[in-house]
Structures are given as structure tokens and as C-alpha cells.
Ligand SMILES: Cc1cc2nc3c(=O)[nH]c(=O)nc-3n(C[C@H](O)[C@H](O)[C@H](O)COP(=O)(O)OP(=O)(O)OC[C@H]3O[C@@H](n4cnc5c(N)ncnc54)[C@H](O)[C@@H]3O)c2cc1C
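Shown next as C-alpha cells: one chain only, the form predicted alone.
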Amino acid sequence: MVSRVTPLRYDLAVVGAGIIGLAHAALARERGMSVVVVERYDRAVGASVRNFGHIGVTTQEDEALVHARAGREYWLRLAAQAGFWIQPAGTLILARAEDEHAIIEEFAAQRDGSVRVLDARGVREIASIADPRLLGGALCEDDLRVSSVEAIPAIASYLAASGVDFHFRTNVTGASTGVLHTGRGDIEASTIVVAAGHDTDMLFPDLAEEANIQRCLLHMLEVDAPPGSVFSPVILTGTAVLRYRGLSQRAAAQSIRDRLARDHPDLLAALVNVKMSQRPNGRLVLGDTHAYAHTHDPFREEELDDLLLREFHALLGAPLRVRRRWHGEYAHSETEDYFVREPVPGVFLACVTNGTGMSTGLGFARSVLDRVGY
């Protein structure tokens, strides 16, 4: 919907129609609140649709694990309500070296039966891994997979049909107690939640700088799957120790880091997480590299794509045809994983700053609304 805003007063105004904004809107609507969502584009085009579609519960740790577990059942409920594809196929962590096998066994022992250790044959029954180095894997059975490019707009459509007002192509220029200021007029709301992700600094630069919020830039690819291959779960490899605290804090993690530094310094230099998921149409989403800055150059480095394709060629044993390439982008902070501030009474900034918005965003939104008092 594109129009000048109407002079209604809402219980909650949400800035941003990505997963964090939609999560706040959905949970608030369930609690009986009147809700409006304001989005500067005509649809979500940011981090929420540029990812693997991975709802990774099991590899989280501490607060992130609490949020992921809280959000899992809500993802399943939202999928049933909004009618988007979701698959409870889990996450498969591959072991292609002895230290990787050691870490998945240690990890499985500490996850209370939610992780099942497989031998190489068991892995290949659910994922067509051709790498001869494969020793086995660990299947995280609580994890989910969605197609983000379909799920996010489906959630927005469902919420609109459920009574949430949306103002797309509407730029927010500021927020004060009780009033959200936009380029199409003011919106009155008892509570305002700014869920603008890495663009939080556009409205509240001092607070974003205080938390050292940067933009994490990712190289990602979509390729045709090798003929006859099947990949039900999301695939992680040993590089996951660089990204997931549920793994990085285990005793065997340092051995993997040391080996990567010795044998694959290019992977460490680009902070590569060799990770893959399959879309409903059969194509594979591959990634990803990581780079951190407040402002990134707009150019894609072909050598980073070549690095990803090299790794997946070894993993899948087949040449890969690239169908799409893109930059992912999300908010990152070294000092806190979940950024919440109240710069003025009734205005809350809410941002996931560890790259787990799809996995933990619903649980995080619940915690923010609980804090607000709704």
C-alpha cells in the first residue's frame, strides 16, 4: 500500500518489514494490539531475503539458544497460518577431518538427544556429499528450513489480512514519544519499535556508534544442484566453528582453527563459512564470505566467488552453474548480540547484531515486547 498515512493512533508502530519487524508485528497482533508497519521500500529486500532460509536452533548458545528455541514453534505456526513452505529437515554438520569428527561427537553429547551422529553412509542417505574425505556428520533434528524470498512476503500478506496496516515506500525521518515521523506524514503510536537492522544508524547514529554496529557484507551464490542429488537438511562444514558459538566453544574447535590457518589461510582471510541450503525449486544457495565495515565498497570481488565455487566443487564433486550472485548484509556488533535501546520514552531500537535474525528473531521480538510491557 502506498498512500499518505492516515491520522489513526496505534498501540504499536514498527519500522522495517524484514523478519525482525514482522516478528514484532505478528506477536503484537496476537496479543491484541493495533499495529502499523512502515517500510521504505515496496517490499523487504534486505537481509531477511538474502539468506539461506536457515532456522538454526541447535548450534546457538546462551541467549541466542533461548531465543531460537522460543521462536521455533512460532515459525511452524506462522508457516501454517501464512501458507509458506517450511521443512523440519534439520541441519547436517559434516566431518571431513578427525578434529571435526571429535567436535560433533562432543557437541552431540551436550545437546540432550537433539543431535544424532551419523557415519559417512548415514550422511549420504540424506545429502549427496561426494567428497571422499567425508567421515560422518551430526544431524541437528530441531532445525528448520524455509525459502526466505517466499516466506517474508507471505508473512507480510498474512499480517495485512489479519488487520496489520502497512505503509510501503514510506521513509521514516524520526521518532519521538508517541509519534513516528515519515515522509508521508506523522503516525501516532503508544509504542514505536525501530527494527531497521544495519540501517539503525540512519535514525540513531550515536547509539549505533556506541554499540559499534557495523555492516557485515557477504558473498552468496545460487547454483543448479548436480543432477540426481538430494540435500534435505541445511549443510554446514568444519568452518562452522568460526560462526556458531554452540560449536566454537567446544574443546576441539581450536584444533580446527589451527588447521584452517595452516592449510586454508584464504578461507580464514575471507572469513568463509562453507554452508549450503536447497531451495524448493532444487537450486542450491551457497555461501558465504564475511567482511565488516561501516561502509563497504560497492564492487563484488570475483576471486571470492571463485573461492566459494572451489570449496563446493570439492564438496559435491561436480562443476556448478551459477544462476544468481548477490551481496548479503546484516548488522554486526562485537560488543552485544541483541541491541535494545530506548532513546526516548516509548521508542525502542531492536536489532539482532550477530547474524542470526532468521534463527532467533522471533524469540528476540518476544523478549522486546515483554520488556515493553505488552
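One-based numbering along the sequence shown. The model shown is predicted, which means the values in this text are computed figures rather than measured ones.
Same protein, other form: the form predicted in complex with the ligand, not shown, and the subject of what follows.
V36 falls outside the set of residues with a heavy atom inside 4.5 Å of the ligand in the predicted complex. At the 4.5 Å threshold, heavy atoms of R29 stay clear of the ligand in the predicted complex, well away from it.
The ligand in the predicted complex comes within 4.5 Å of a heavy atom belonging to G357. Within this chain, D199 lines the site of the ligand in the predicted complex, having a heavy atom no more than 4.5 Å away. Only one of 168-176, 294-302, 250-258, 96-104 places residue heavy atoms within 4.5 angstroms of the ligand in the predicted complex, namely 168-176. The partner is absent here; in the predicted complex, the one residue of A225, L118, M220, A82 having a heavy atom within 4.5 Å of the ligand is M220. This chain is displayed alone, yet in the predicted complex one of L139, I187, A195, I155 has a heavy atom within 4.5 Å of the ligand; that residue is A195. Residues G328, E329, Y330 of 313-344 are found to place at least one heavy atom within 4.5 Å of the ligand in the predicted complex.
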